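Only one chain is included here, represented as structure tokens and corresponding to the form predicted alone.
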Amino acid sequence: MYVLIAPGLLFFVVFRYLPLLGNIAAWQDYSPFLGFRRSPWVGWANFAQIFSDPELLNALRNTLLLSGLQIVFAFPAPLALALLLNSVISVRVRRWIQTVVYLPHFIGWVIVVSIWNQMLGPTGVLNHVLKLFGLKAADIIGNPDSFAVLVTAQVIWKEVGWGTIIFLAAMLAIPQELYESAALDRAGPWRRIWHVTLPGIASVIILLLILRLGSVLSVGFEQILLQQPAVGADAAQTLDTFVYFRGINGGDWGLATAAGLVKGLVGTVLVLGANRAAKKLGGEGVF
């Protein structure tokens, strides 16, 4: 049995835990040419710079805005779709809808962004339709003011179908006797959802919400990076892109590592806090 466990354990040690040692660069003016041993130590200077760097503060503000929108709108979207599909009587119709909404999950972000550009870009389908009716063209893709809404809509479109899998699986575990008893008590569809379905999958909702809070400072690196040239850094600079541009392109490895480390610590604190709050409210939590 231990031989079977060894490859998986070795994977986590090599690719998950050993790279954590690289976080030492957060306390150094790190240079790849000098290495960790000869790079000068700067103490907490990189962390102090995080809270005074206007570019990083802008990235933090954008990240929190995008993450907040995704938690408010993108997180409950799969739940709403799962409740809708669960109420569809026809199995054939339900499977057809599931297949259609699952497909975008298997498309990479490069293709997704290209599709949205073809639909909503300056030369996209929307503007062709507007011109046909003599209306003014709209550049939704390149508008910084609508960028946060656009990113959230893309996340919902791509992942809403995939997210319904877990909720639908949880709904299947609810005893049918509860629905039959509710029907005998003349409970309508909405009351059955409120008093039977939602309480039956409450633990799953809390679990997924806790896990989502752990990545509250990660809002999709590739998706943002691909669209940043169209709207500019003021609207599309997030913590992930900041770490990439400042650390990889700019060579400021120490500051970028410190920002990434703070992001991970904030996510850990949020997960622990949400897990504790869930237990205090009577839930099971994650651990």
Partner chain sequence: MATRPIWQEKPSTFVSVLKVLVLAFTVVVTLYPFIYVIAVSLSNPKVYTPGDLLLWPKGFTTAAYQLIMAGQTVPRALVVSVCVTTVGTLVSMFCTVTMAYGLSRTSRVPGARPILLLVLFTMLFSAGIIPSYLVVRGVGLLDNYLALIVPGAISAFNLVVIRNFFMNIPEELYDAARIDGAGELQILWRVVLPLSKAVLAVIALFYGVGYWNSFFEAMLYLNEPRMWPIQLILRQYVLQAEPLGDAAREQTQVHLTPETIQMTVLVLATVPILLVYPFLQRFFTKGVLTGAIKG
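Each form is matched to the other, and the largest set of C-alpha atoms that superpose within 1.5 Å is called the rigid core. Numbering follows the first chain given and starts at 1. Not measured: the values here are computed from a predicted model.
This protein has a second form, the form predicted together with its partner chain, left out of what is shown; the following refers to that one.
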Handout entry: Distance check, A138 to its partner chain in the predicted bound form, heavy atom within 4.5 Å
Key = no
Exercise for the section: Look up in the predicted bound form whether V101 has a non-hydrogen atom within 4.5 angstroms of its partner chain, and give yes or no. Expected result: yes
Problem - Proximity of T257 to its partner chain in the predicted bound form, heavy atoms at 4.5 Å - result: yes
Practice task
Considering only heavy atoms, tell me if S87 and its partner chain come within 4.5 Å of each other in the predicted bound form.
Solution key: yes
Practice task
Identify, from the list V149, A183, I71, I174, the residue with a heavy atom within 4.5 Å of its partner chain in the predicted bound form.
Solution key: A183
Problem - Triple contact flag A45, L213 and L281 to its partner chain in the predicted bound form, non-hydrogen atom at 4.5 angstroms - result: no
Handout entry: Any residue of 17-34 that, in the predicted bound form, places a heavy atom within 4.5 Å of its partner chain
Key = Y17, L18, P19, L20, G22, N23, Y30, P32
Exercise for the section: Verify the C-alpha shift of V13 between this form and the one not shown: is it 2 Å or more after superposing the core? Expected result: yes
